[in-house]
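Read the single chain below, which is given as structure tokens and is the form predicted on its own.
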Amino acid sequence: MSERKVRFSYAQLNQLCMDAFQKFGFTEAKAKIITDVLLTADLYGIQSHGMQRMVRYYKGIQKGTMKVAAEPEVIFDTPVSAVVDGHDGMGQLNGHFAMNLAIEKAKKIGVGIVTVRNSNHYGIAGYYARMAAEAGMLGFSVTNSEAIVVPTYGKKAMIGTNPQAWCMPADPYYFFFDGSTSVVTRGKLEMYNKMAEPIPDGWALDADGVESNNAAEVLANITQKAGGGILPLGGSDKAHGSHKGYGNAMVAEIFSSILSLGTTSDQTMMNNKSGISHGFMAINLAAFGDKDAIIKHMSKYLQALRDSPKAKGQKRIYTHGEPEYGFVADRKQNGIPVIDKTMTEIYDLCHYLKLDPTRYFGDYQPPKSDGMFNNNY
């Protein structure tokens, strides 16, 4: 991807997000949660779910699909489980509330399982799994999404990218796995579209179910529900494991929309309503014995994986979560990279909200705007 990226400090981007989300109408405390989820994605190197999502969220707020004043409500509750109605609020706020509830249940009974319906995009699934890990637990989080993924041998998008995330304390790096059940996320297609570059083979299908390298075409078909979409993890056929990605997407669907009696992926984003559902689980390691011994046991195995023999020409084996530590260290020292065209959107948003971008970015000037806010809002 050849699009120029610029780097800004965490402090610069944090202040912008805090000011913008409060301009949207959120309290300072709520803006802090949303901002933390977004910038954690950027710190971890998951740009598709970081700063580039800001304008999309504002569109949702303006259209009414994301309700600023909404408060999550527990509508079914047991000592071990709960169902939360997000009332169309921000996914980050619903997710933060639900995982905290799961953690509190796990402290008392050993495990907490909470599902959420009537929510919105909640950022990276791993953020919530890590919340549990930071409480000394094994954390799990899933979400469904708008149907943009085609089932194996189909040509109509019926399921979401439906990511799954797990996080467990370990030394020196937490085990941190966060991955979509599709080959890529919509955000990756959006980034390629911004850069006017062809997407790699094996990522997506056109309206006829034939592989396509045209990001703009695939995104337009998704928006217009004209057919085609992103492929499941494993690609287009069983020989390469497509059915496994498809099946894992269904596991995420069950744990989010089915258990919560929420909206399945194929029915989300209709009638000016997102209808996204999430699932969260916190497992208290002490429910299985000596928590510290379990963490030590996990740490030993992860180190064994890193120390195991490398393939010819390879120098290092990473365990899940290890690269993120390197990304965070780099970005805290050298700044967070942001695509130039994303900065154009951010500047448009600043002007629309009457925020002075020079306060955050000094003399930097992004590429010329296409006036998106003049037509879309």
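Definition used throughout: the rigid core is the maximal C-alpha set that superposes within 1.5 Å between two forms. Just so it is clear, the structure is predicted and the values come from calculations on it, not from any experiment. Numbering starts at 1 and follows the sequence shown.
This next part talks about the form predicted together with a further copy of the same chain, which is not shown.
Peer 1: Classify residue 126 as contacting or not contacting a further copy of the same chain in the model of the complex by the rule of any non-hydrogen atom within 4.5 angstroms, answering yes or no.
Peer 2: Judged by the heavy-atom cut-off of 4.5 Å, residue 126 is well away from a further copy of the same chain in the model of the complex.
Peer 1: Is it the case that residue 320, even though its partner is missing from this view, gets within 4.5 Å of a further copy of the same chain in the model of the complex, heavy atoms only?
Peer 2: Yes, residue 320 lies within 4.5 Å of a further copy of the same chain in the model of the complex.
Peer 1: Give a yes or no for residue 148: in the model of the complex, does one of its heavy atoms lie within 4.5 Å of a heavy atom belonging to a further copy of the same chain?
Peer 2: No.
Peer 1: Indicate whether a further copy of the same chain has at least one heavy atom within 4.5 Å of a heavy atom of residue 264 in the model of the complex.
Peer 2: Yes.
Peer 1: If the criterion is a non-hydrogen atom within 4.5 angstroms, does every one of 16, 352 and 364 touch a further copy of the same chain in the model of the complex?
Peer 2: No: no residue has a heavy atom within 4.5 Å of the partner.
Peer 1: Any idea which of 88-96, 128-136, 212-220, 265-273 reaches within 4.5 Å of a further copy of the same chain in the model of the complex, heavy atoms considered?
Peer 2: Only one stretch qualifies here: 265-273.
Peer 1: Work out which of 184, 191, 103, 170 lies within 4.5 Å of a further copy of the same chain in the model of the complex, going by heavy atoms.
Peer 2: Looking at 184, 191, 103, 170 one by one, just 184 meets the 4.5 Å heavy-atom criterion.
Peer 1: With the partner left out here, which residues of 297-328 have a non-hydrogen atom within 4.5 Å of a further copy of the same chain in the model of the complex?
Peer 2: Those in contact are 297, 298, 301, 302, 304, 305, 308, 309, 310, 311, 312, 314, 316, 317, 318, 319, 320.
Peer 1: Rigid core aligned, does the Cα position of residue 121 differ by 2 Å or more between the shown form and the other one?
Peer 2: No, residue 121 moves less than 2 Å.
Peer 1: Once you line up the core, how about residue 211: does its CA shift reach 2 Å between the shown form and the other one?
Peer 2: After core superposition, the displacement of the residue 211 C-alpha between the shown form and the other one reaches the 2 Å mark, so yes.
Peer 1: Can a Cα shift of no less than 2 Å be assigned to residue 189 between the shown form and the other one, given superposition on the rigid core?
Peer 2: For residue 189, whose C-alpha is compared between the shown form and the other one after core superposition, the shift is 2 Å or more.
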